[in-house]
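First, one chain by itself: the form predicted alone, in structure tokens.
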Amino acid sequence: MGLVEKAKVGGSCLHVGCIPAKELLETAHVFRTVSRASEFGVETEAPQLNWGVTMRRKQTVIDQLVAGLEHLLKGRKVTVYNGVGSLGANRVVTVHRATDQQTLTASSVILATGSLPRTIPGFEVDGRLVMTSDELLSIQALPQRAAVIGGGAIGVEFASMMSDLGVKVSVIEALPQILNGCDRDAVKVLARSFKKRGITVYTSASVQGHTPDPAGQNTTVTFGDGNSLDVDLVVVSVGRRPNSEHLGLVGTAVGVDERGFVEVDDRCRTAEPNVWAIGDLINTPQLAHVAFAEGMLAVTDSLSEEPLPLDHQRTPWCIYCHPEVAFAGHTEESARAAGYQVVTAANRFIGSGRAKIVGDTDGLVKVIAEKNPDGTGGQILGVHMVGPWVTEQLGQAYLAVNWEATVDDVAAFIQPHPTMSEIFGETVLSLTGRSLHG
């Protein structure tokens, strides 16, 4: 078995995505916690951020994970070929290196070249005034003022992280709400929290461009209907595009659509026999755990094990801003659009003893269920959470949605006390008609 890799193993997630981003968000969490220590009777001096230490710790975590991954590959007897791979006819892969090239032939080929940050006209990335996630995750010093263009998952995470570390942040989103695709009630909670923390959010606002000052130290961003912002840094966070430009594909039947996505069926098969494509290279949710699941799907399919296709409507989403956001399944709006008669229930973390102990009570849990004739809830269609540690609480909600559990099924289970997860249990219980609080 062989793996063609142009840089270090681990891909975007490990080097310029999930891992470094969550490492910096954890730094923000620690800084926020220490800043509030006096509320718990722990007296400390005002915390100071040593960004150099933060960056070194981030890199140490990455290096340790890379070493572990390399050891795992070696143990599985996977040969790593360093270079850029391209696919030709008859599953011949050419590995392009600086001074030479090598050809490989395989019975099965999986294309997994990932993605690159999208950019927008008028905001050319220079690594100084304008950055994407790639540059921001290795920034040498934090700015005083920043504009984040794009209010999706990556954008709100960066906005939250920088705000916690003392940056004055504004988010500019072209759509009517941030976190498009998340339930409106959950988004409202996040928007209120951002406002309370001093993060300004502009929605339904398209950017036109930016004008650096003569000294090149800051720039003015123009957006919306004649609005402008003076900032020291612009973070372009408008999604990622498939990295399909150098795949070759000459003499193959592999199709690529107008947006650069490789075309596949529900088992990640391309039109070329025994060639699969997975991850950000195809038009499915751009999440590391989705790519992992697609990789397993492609491998098992190549072994003729007849795997079940993935249901991307029920994909688990975790967003690590503060407060955290996590969800799986339908929103209330999408469930109604799909033809369901629905009933919903929501409970806030302000009622959680554990949340009060931790001192983090912003948030809610909302459950969307199919409506029974008597008005109670039937099958659980979706769960949306915003609040403390919800990325770690989503597991039972994800299982409930994907196993097509009913409200009665889940309400029968005992929730440990005191935990954050009690809010999910109580919300489901309320849909049975036997709510604890009302």
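Each residue number is its position in the shown sequence, starting from 1. Worth saying up front: this structure is predicted, and the values here are computed from it rather than measured.
Below, we refer to the form predicted in complex with a small molecule, which is not included among the displayed structures.
Peer 1: Please determine whether residue 152 contacts the small molecule in the predicted complex, using a 4.5 Å cut-off between heavy atoms.
Peer 2: Judged by the heavy-atom cut-off of 4.5 Å, residue 152 is in contact with the small molecule in the predicted complex.
Peer 1: Hey, in the predicted complex, is residue 354 touching the small molecule, heavy atoms inside 4.5 Å?
Peer 2: The answer is no: residue 354 has no heavy atom within 4.5 Å of the small molecule.
Peer 1: Would residue 261 show up as a contact with the small molecule in the predicted complex if we use heavy atoms at 4.5 Å?
Peer 2: Contact check for residue 261: no, nothing within 4.5 Å of the small molecule in the predicted complex.
Peer 1: Looking at the partner-bound form in the predicted complex, is residue 255 within 4.5 Å of the small molecule by any heavy atom?
Peer 2: Residue 255: no contact with the small molecule in the predicted complex.
Peer 1: Sort through 165, 73, 139, 120 and report the residue having a heavy atom within 4.5 Å of the small molecule in the predicted complex.
Peer 2: None of the other options qualify; the answer is 120.
Peer 1: In the predicted complex, which of the listed residues (249, 345, 233, 174) lies with a heavy atom within 4.5 Å of the small molecule?
Peer 2: By the 4.5 Å criterion, the partner-contacting residue is 174.
Peer 1: Specify the contacting stretch among 144-152, 357-365, 89-97, 262-270, defined as having any heavy atom within 4.5 Å of the small molecule in the predicted complex.
Peer 2: Careful reading of the contacts points to 144-152.
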